[in-house]
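Single chain ahead, written as structure tokens, the form predicted on its own.
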Amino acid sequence: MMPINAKITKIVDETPSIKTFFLDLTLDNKPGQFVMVWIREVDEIPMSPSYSNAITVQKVGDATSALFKLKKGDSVGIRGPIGNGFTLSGKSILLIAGGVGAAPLAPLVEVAGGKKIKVKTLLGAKTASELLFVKRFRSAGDLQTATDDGSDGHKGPVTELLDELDLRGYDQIYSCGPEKMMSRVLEMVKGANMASKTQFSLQRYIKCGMGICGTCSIDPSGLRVCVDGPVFSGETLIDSEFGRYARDASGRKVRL
């Protein structure tokens, strides 16, 4: 699959560390799928579209730093959409988003709102200025926020808000964010016998995006995040490496 050239038409500063890059093409993705973004002469990295024509990026490494230097009129290469997205079902759903993990969940919540599905979102970040897509989540349903420093909403991890909810009251639960956060969500949904009704979008190091290199494989099943995911049922992740370790660019295990 060769990259398609995509010109940047607009750049929006979402938070101090996150930008949205609008492109001159329609990505035609299902919420939760991803695309491989080629930053020329630097690297190719996976990104989940946040709109049908945009990616939302947090500055965390060499590739994203190079992307942040691009301007309107510059271009990137796009491969995709790739992988399995979220499956939307039920009449009442719960979303748990952390940091830039809100990006693939924002399109999902808008689709759900259009289908008259009752939505509750728990949105977390380190501080108030880093909360992503607050207006989009609030317009689609009930929103509760959590910040590490207490500058907005609950003070503490977003997962602490789950203590106040009856998880069995939701038809489906969806989560995306830091893996340690999601592993805590998995513990809680497992305790409520809701793991089979919870979908997680994993953010792992992906090289090829075609299921060949194995860098994103999950022990012990061997499932590959790029083609078998990135969305997995909580039931699939129980007793796996999820929340314990991942792999770096060389394939070496790295504890989370």
Ligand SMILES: Cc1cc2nc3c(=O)[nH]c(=O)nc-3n(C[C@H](O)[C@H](O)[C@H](O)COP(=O)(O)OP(=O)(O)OC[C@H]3O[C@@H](n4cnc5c(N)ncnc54)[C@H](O)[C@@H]3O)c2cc1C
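Throughout, we count residues from 1 along the sequence that is shown. All figures in this text were calculated on a predicted structure; none of them were measured in a lab.
Same protein, other form: the form predicted together with the named molecule, not shown, and the subject of what follows.
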{"query": "Complete contact of Gly61, Val100 and Gln203 with the named molecule in the predicted complex (any heavy atom, 4.5 Å)", "finding": "yes"}
{"query": "Non-hydrogen atom contact Ile218 with the named molecule in the predicted complex at 4.5 angstroms", "finding": "no"}
{"query": "Contact of Ala195 with the named molecule in the predicted complex (heavy atom, 4.5 Å)", "finding": "no"}
{"query": "Distance check, Ile45 to the named molecule in the predicted complex, heavy atom within 4.5 Å", "finding": "yes"}
{"query": "Partner proximity in the predicted complex: Gln199 to the named molecule, non-hydrogen atom cutoff 4.5 Å", "finding": "no"}
{"query": "Region of this chain that lies against the named molecule in the predicted complex, out of 72-80, 100-108, 159-167, 141-149 [heavy atom, 4.5 Å]", "finding": "100-108"}
